[in-house]
Structure formats: C-alpha cells, structure tokens
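Form predicted on its own, single chain, as structure tokens, below.
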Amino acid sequence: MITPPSPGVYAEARRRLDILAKPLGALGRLEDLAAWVAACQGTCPPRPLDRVRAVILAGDHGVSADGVSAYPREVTAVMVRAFVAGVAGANCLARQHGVALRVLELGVDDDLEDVPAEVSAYHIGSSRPIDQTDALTAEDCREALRAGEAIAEVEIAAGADLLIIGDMGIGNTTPAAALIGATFGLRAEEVVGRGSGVDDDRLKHKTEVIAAALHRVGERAVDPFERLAALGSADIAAGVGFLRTAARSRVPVLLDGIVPVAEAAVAEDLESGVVAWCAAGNRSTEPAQQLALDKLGLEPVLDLGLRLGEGTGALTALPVLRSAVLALREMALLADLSPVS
C-alpha cells in the first residue's frame, strides 16, 4: 500500500485554516484543497504550486474504426501535431498558467514523421477492438505500464510539485467507460456517454460495443491487470503507470476527465493508496466519470460541462488550487490583527 499524504499535516492545515482572518469555513472547498496540498507536501503552510507539469498521452483505439465516435480515427494524429505546434486547447491553457506541457504517443496509427522523435519514444501500438478481443497482449500492457512509470519519473525529476495527466485518442471514451464499468460492476447503459458528441444511433451502437466488451471479459475483470489489458489501450495503461509512480513518489496529480479517472480507478486496484494523491479537476459530461468520482470519493473542483479532454479541465482548475494554497500561506491569522477600536 502506498503511503498516504500526511494526516498530521492535514490536521495542522485544518487548524490553521480555522484561525485565519475569516469566519470558520468561509473559503469552502478552497480549505479542503489547501489542506490536501499541504498534506501531500508534508508541510504547513504549503509551498506555492510553481512547478506544474502536464503530459498528454495519445493513442488510437480499435473501436474507433467501428463508429463509436463523431470524428474519424485520423483526428488523433492531427491533434498530436497540433499539440506539437502549440495550437491546441491544452497548449493555450498551459501557456496561460505557466505549465510545462508534453505530448507523448503510445499507439497512434500514423508514422508522425514530421514531429520530433521524442513524441514517439514510447510507442507500442494501437489497441484492438475491445468488443472482439483483448485490447493489448499481456506483454504490451506491461510495457505500457513501464512506459508510464518512466514518463512520470522524467516529470518528477524535472522538479514537478504537481502533475496533470491528459489524454488524446478518438474513441477513447469507449474503453474508459468499459474500464469503469468493469471496475465498479456497472452496466454498459450506466456508463456510456456521448463522448465527442455522437448522435442517438451511434450512442446505441456504442452501448452495444461496451456491453459486448464487458460480457466478453466476464470474471477476468476482477483482476485489475487482466481488466486493463482486456479493455484498455497502450496510452491508458501508461496513464495507470504514471499515476502509480506519482503516488509512490509523493507527488500529487490533478486529474482531468473520464480517461484519467478510469486510469486512477485501475491504478487504485493495482496498488491501494494511489487515489489519495489525486484531486479531480473537473466533472465531465460523461456518466462514467461522474460515477467513478463518486466511487473514488473525489469531488471535482469545477463543474463546467467540459468534455474536451487533453487535460483542459485540470488546467482550468489549476488557478483554483493555486488560490487555495496562497490563502493558506498568506492570509493573516485573526489573532494577529489589531482589534477595531
């Protein structure tokens, strides 16, 4: 089991919050977030979140060829190029908030010869259709987990005091929803969502694909590694490895939408204690993400109807987290203020 954020420092932070120059609890969720960051850092007041680093893990998915998305499979590679060029939504928000951003592809079905070689340094390959066969071989799944660990280690070595994990892959809400369904014993009808904006006919088909995948895997889903290999993808498995390494290294992570939350759910099953190092940046429009957040005990910072992915929900929530830390650090204690005469 992974060591949790310091309960003693969390309690110290709550005591300090109660004696700041404000009514008790007046900062609402900011107080919860500030205490969590302090506990993760092991110090109160916490240090400012000045070195935030974000990684977008990209990959293609076998189900994307089967009409589960409103967009064609080729868009994944187009968006990887957009990240590299610095013109995607995540790039805009990362620049605004001073976040170092990298994109790495684990399984994009394109040679990507026109992008820097380091983008494909961890390439494994696209996943297979989860309603027909396992997404990954056991060895590919292990390799993807190791890749995620290595990616996190690079970010941590660069001095990250907070990590953000994003995703990119046409069709990726289908395996993510299937993973959440298998993790928590939910039916396809409960976890399916419209993803990038599918119409009613495609939503019905997407539900059938998820139901077939869950039925195919059956009791094998009890084992989190089997579940990940059967229903995930190289980029999702890398996300699981990334989260485990961050938690082991005592570096907090701000999660984004359905894909990172699915990764967190599997990571927690593989190694208890991962989720304690995670905060939820935003509540997406995907039913599976909302159900998983409830199961994991995570209350999102924002609820703005965001469904872009890429880490954009977490990046948008980052200023709120930073505000929470600064309030705990810099607000005066009530006892230090001169009484009004």
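Source: prediction; values computed, not measured. Note that residue numbering begins at 1 and tracks the sequence as displayed.
Form predicted in complex with a further copy of the same chain: not shown, discussed below.
Using a 4.5 Å cutoff between non-hydrogen atoms, Arg95 counts as a contact of a further copy of the same chain in the model of the complex. In the model of the complex, a further copy of the same chain lies farther than 4.5 Å from every heavy atom of Ala34. Using a 4.5 angstroms threshold between heavy atoms, Leu291 stays clear of a further copy of the same chain in the model of the complex. The closest non-hydrogen atom of Met1 lies beyond 4.5 Å of a further copy of the same chain in the model of the complex.
Just one of Ala138, Ala121, Ala157, Val87 comes within 4.5 Å of a further copy of the same chain in the model of the complex, counting any heavy atom, and that one is Val87. Interface residue among Ala276, Ala65, Leu308, Leu296 relative to a further copy of the same chain in the model of the complex, by the heavy atom within 4.5 Å criterion: Leu308.
Residues with any non-hydrogen atom within 4.5 angstroms of a further copy of the same chain in the model of the complex fall in just one of 72 to 80, 233 to 241, 212 to 220, 182 to 190: 72 to 80.
The partner is not shown here, but in the model of the complex the stretch 18 to 35 reaches within 4.5 angstroms of a further copy of the same chain through a heavy atom at Ala21, Lys22, Pro23, Leu24, Gly25, Ala26, Leu27, Gly28, Arg29, Leu30.
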